[in-house]
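Form predicted alone, single chain, as structure tokens, below.
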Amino acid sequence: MMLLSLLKKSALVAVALLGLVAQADARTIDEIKKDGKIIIATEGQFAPFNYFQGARLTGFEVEVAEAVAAKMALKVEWKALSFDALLTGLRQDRWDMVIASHGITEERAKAVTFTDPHYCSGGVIIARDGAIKTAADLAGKVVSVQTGTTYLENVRKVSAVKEVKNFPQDTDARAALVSGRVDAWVTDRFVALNSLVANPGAGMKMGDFLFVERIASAVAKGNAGLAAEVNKALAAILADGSYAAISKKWFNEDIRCK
């Protein structure tokens, strides 16, 4: 009985310790600066914004984040994982910041603190049938989107859509269109342009914007000090030409929010 009691007490202590770990506060900007390193998470499957070339993580957002970190005199430790786990991990304080083309929404802003936007874009309609261009043209159609995205949220608002098929990765949603399993695919405008250039034989055509949005990185809810430092560094690269150079490298235009 004594052994059983000790085991029960040990289990309770373990649970309590796990609770303390789960409730650990996000690192402050002072703690991050003392460490000399900021931990940033992204998806790594969303070209040209964040993706892998072999084993190397690259893309527009990767370069923007590294330029921002350099202004803060910090090195970056990257984490790459599925899109729908990024903000969850941020809320669990597993990393300091997320940059993965998250559109700013009221619902997301309840759970995380967004920084200033690092670009503006929106969801566009892609189809192989040139007659499918507008939201009205999606009536009676099957549409593919990525799970956990604003593309999914906004396609669901189009009541006349026959079916919405969501996939773990945006590349899966694109593949569903190319293979003829869906009638249309909704994704970011710049991702769409990149895909059309990279897959000229796929017969994909870009239609209209379904919606427009501001895209930002995110930090843990209430981590105002870190958000302020990121905003300061972002403003610096916007002002000194660094941002424009990165943007023109990837898109041949400046995609900052006007």
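In this text the structure is predicted, and so the values were computed from the model without any measurement. Residues carry their position along the shown sequence, with the first being 1.
The form predicted together with a small molecule exists for this protein as well; it is not shown, and the discussion that follows is about that form.
Of the candidate stretches 98 to 106, 159 to 167, 127 to 135, 68 to 76, only 98 to 106 contains residues with a heavy atom within 4.5 Å of the small molecule in the predicted bound form. Although the partner is absent from the chain shown here, E43, F83 and Y151 each have a heavy atom within 4.5 Å of the small molecule in the predicted bound form.
Looking at N223, you'd find every heavy atom of it more than 4.5 angstroms from the small molecule in the predicted bound form. Although the partner is absent here, S144 sits far enough away that none of its heavy atoms falls within 4.5 Å of the small molecule in the predicted bound form. Mapping the unseen interface onto this chain, E213 counts among the residues with a heavy atom inside 4.5 Å of the small molecule in the predicted bound form. Taking non-hydrogen atoms only, S195 never approaches the small molecule to within 4.5 angstroms in the predicted bound form.
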